[in-house]
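Just one chain is shown here, as structure tokens, and it is the form predicted alone.
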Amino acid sequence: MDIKQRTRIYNNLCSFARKCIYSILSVATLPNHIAFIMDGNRRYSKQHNLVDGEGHKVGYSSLMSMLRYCYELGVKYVTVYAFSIENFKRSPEEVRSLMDLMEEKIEGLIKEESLVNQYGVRVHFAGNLKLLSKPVRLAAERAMKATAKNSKAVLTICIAYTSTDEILHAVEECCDEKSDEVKVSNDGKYEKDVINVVDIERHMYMAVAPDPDIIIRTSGETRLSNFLLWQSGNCLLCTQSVLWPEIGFRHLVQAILEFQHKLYYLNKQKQT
């Protein structure tokens, strides 16, 4: 038996084992939306003496595995925090390297044999895309256009994103939209309730997806780092001690089991 045959058998056994675990998890309520803060790529590179950028490449492989597990399980919405606006403060060389890597991987998403086409996933990019380099921005636009008809699941990639920028953008859009409706009373005060929460949420970058059920962050950090602040009021924040390139199937299962265990409390919080 050659290496290819052994690898095929091993992969089939892993796939069968995952299906068994999915069947057990499906007995209880499954999350509809899981978000990931992919933290620890640079630390992984340093710990393993890799050249700059290699940790992010390994991290991309981990992302593809996580997406596959989520879509196999039937999770419809997955959101990943790929690049914060704050990351532009890093050295120009690192930013340029990350932009080149993102362009390459985004182009890979729209290939016919890619994971997003295999599972019928629509790709959406959330953030201030004007801040991206032109090649990356055009690649993102092509990916959104190429997958627009996919309807089985949604992958939202937060890039050039922070929650504060998202909220500011939504408020500005609402003000522009409602400017004709704003009326000034006789005493010089503006009328109230011209803009409401529904209006703001409609203009959010993340309007394409419901609020997350779980946010998973790696590297042991318990901060949200300006990610989905508006949407995360009643979701489970699950912190994993491993670095992002080291995340595996068991960590996803652990997060889902914790979500199912705390679901009653989470639902009760939403009602208050």
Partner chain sequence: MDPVAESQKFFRRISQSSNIMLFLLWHVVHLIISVLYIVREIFRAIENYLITNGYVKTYTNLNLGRVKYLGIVIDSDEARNTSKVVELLEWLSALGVKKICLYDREGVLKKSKAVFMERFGSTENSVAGPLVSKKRMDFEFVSITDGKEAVAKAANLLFKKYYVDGDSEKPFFTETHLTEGLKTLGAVEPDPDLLLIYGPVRCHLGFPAWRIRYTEMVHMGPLKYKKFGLIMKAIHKFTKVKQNYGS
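Please read all numbers here as calculations on a predicted model, not as lab measurements. Residue numbers count along the first chain shown, from 1.
Missing here is the form predicted in complex with its partner chain; even so, the following discussion is about that form.
With the partner left out here, its partner chain still marks one of 225-233, 49-57, 65-73, 243-251 in the model of the complex; by a 4.5 Å heavy atom cut-off that stretch is 225-233. Although the partner is absent here, L138 lies well away from its partner chain in the model of the complex, with no heavy atom inside 4.5 Å.
Using a 4.5 angstroms limit between non-hydrogen atoms, N87 touches its partner chain in the model of the complex. At a distance threshold of 4.5 angstroms between non-hydrogen atoms, L115 is out of contact with its partner chain in the model of the complex.
In the model of the complex, its partner chain stays beyond 4.5 Å of every heavy atom belonging to R8. Note on contacts: among A153, M144, I167, V80, the single residue with a heavy atom within 4.5 Å of its partner chain in the model of the complex is I167. Put simply, of E201, E107, E93, D100 only one has a heavy atom within 4.5 Å of its partner chain in the model of the complex, and it is E201.
Residues of 22-51 lying near its partner chain in the model of the complex, listed in sequence order, are S23, I24, L25, V27, A28, R42, the criterion being any heavy atom within 4.5 Å.
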